[in-house]
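Take a look at this one chain, the form predicted on its own, written out in structure tokens.
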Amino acid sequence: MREIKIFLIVVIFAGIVYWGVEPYAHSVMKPHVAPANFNFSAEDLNYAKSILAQKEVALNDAKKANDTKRIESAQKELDKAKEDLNQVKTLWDKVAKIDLSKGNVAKGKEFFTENCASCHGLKEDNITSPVADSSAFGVIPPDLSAAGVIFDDKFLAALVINPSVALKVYHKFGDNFPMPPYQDTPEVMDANIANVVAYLKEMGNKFETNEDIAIKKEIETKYQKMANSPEKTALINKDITFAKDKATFIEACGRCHDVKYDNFFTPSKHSDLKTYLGSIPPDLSMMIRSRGEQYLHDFINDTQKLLPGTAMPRVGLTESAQAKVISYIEKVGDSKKEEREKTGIYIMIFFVILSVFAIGWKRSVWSKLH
């Protein structure tokens, strides 16, 4: 009976900590945010509206306190929130009017060559970027060969119209973002954006096909001396998946972030990145362990939601591309996860068996004493 009372006390205490204290502490240190939303228009509008609502509450609180300085400060922040919401709404209203299904690939290439190729390369179509390093802009402008398959179509359109608002870095760069907004009459602008997105998608599909072939060939060459077996097939498939995930990571994140545990280093200079962003972007080798998978999903989808004011741009990846990026980060930073989870089950089984024997042994000992 005494043991049962002790057991109940432990259960109650553990329950209070697990369902009471821990969730409260977690909610304070890491406030709940809406999950990743790949409808970027809805995501941006909802976020801007939520900030506006917070600023309205802050202004009302300041008025109730009758604090003049607080009222002035809260009013400025509220005005800024209204301005941000208006910017977001204007941008996505323009995107909504573009019929991306009517894009012309050939005209898109013409537009790209005349307007984008002064900074961006597109290796898949033998277009080389004239910007060879990060000294000019703080970061190397991305080669856009994969852009059409890893980035959302509407995000690409928004990026061309107003880059700093689409990337959610207007608060840092204002109108001085290195990539200028595209301006023209609405009809011409809509047509050109649909064309260039169609061109990027065409090139993206070609790039992905050729890259998959190259990866498969490289991995099969690596294992060519190994006898055919289910184990060999499993190793090849595992390495191919890893290589594809890594390739997507490099296209999406590799211009700023290192992954030292995988011997990957950004080609941009850290000093240039610090000048551009205000700090050196972190090495992502162990990010999966320090932040967790859900945090990374939400953060990459909308950087401002979890880290307001950060200079890191929103990436704009499709859901499948983002899953590949996080898969790569997890495989590098937590390569023993699968093995650890399997071991955990065995350990739990071991303790259950051990408990049975311990209880039996205790009863045997105490029965002789009584």
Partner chain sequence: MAHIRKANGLIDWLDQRLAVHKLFDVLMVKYWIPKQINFLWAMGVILTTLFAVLFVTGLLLVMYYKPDTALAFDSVNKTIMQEVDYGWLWRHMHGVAASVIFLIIYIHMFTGIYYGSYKRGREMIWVSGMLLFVVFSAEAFSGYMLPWGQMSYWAAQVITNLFGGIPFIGPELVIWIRGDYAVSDPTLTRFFMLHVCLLPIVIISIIAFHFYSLRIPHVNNEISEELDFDLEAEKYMAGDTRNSKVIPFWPGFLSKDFMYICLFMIFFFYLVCFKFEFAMDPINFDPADALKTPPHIYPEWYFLWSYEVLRGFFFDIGGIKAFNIGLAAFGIAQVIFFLLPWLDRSEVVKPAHERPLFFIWFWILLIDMIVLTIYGKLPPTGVNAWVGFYASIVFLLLLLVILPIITIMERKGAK
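Positions refer to the first chain, counted from 1. Keep in mind that what you see is a predicted model, and the values were worked out from it rather than measured.
Note that the form predicted together with the partner chain isn't included here; everything after this is about it.
Picking from 102 to 110, 146 to 154, 246 to 254, 285 to 293 the stretch near the partner chain in the predicted complex, with a 4.5 Å limit on heavy atoms, gives 285 to 293. Looking at residue 308, you'd find every heavy atom of it more than 4.5 angstroms from the partner chain in the predicted complex. The partner chain in the predicted complex is approached by residue 260, whose closest heavy atom lies within 4.5 angstroms of it.
The closest heavy atom approach of residue 319 to the partner chain in the predicted complex falls outside 4.5 Å. Taking the partner from the other structure, the partner chain in the predicted complex has no heavy atom within 4.5 Å of any heavy atom of residue 46.
Taking the partner chain as positioned in the predicted complex, the residues of 338 to 357 that bring a heavy atom within 4.5 Å of it are, in sequence order, 339, 340, 341, 343, 344, 345, 347, 348, 351, 352, 354, 355.
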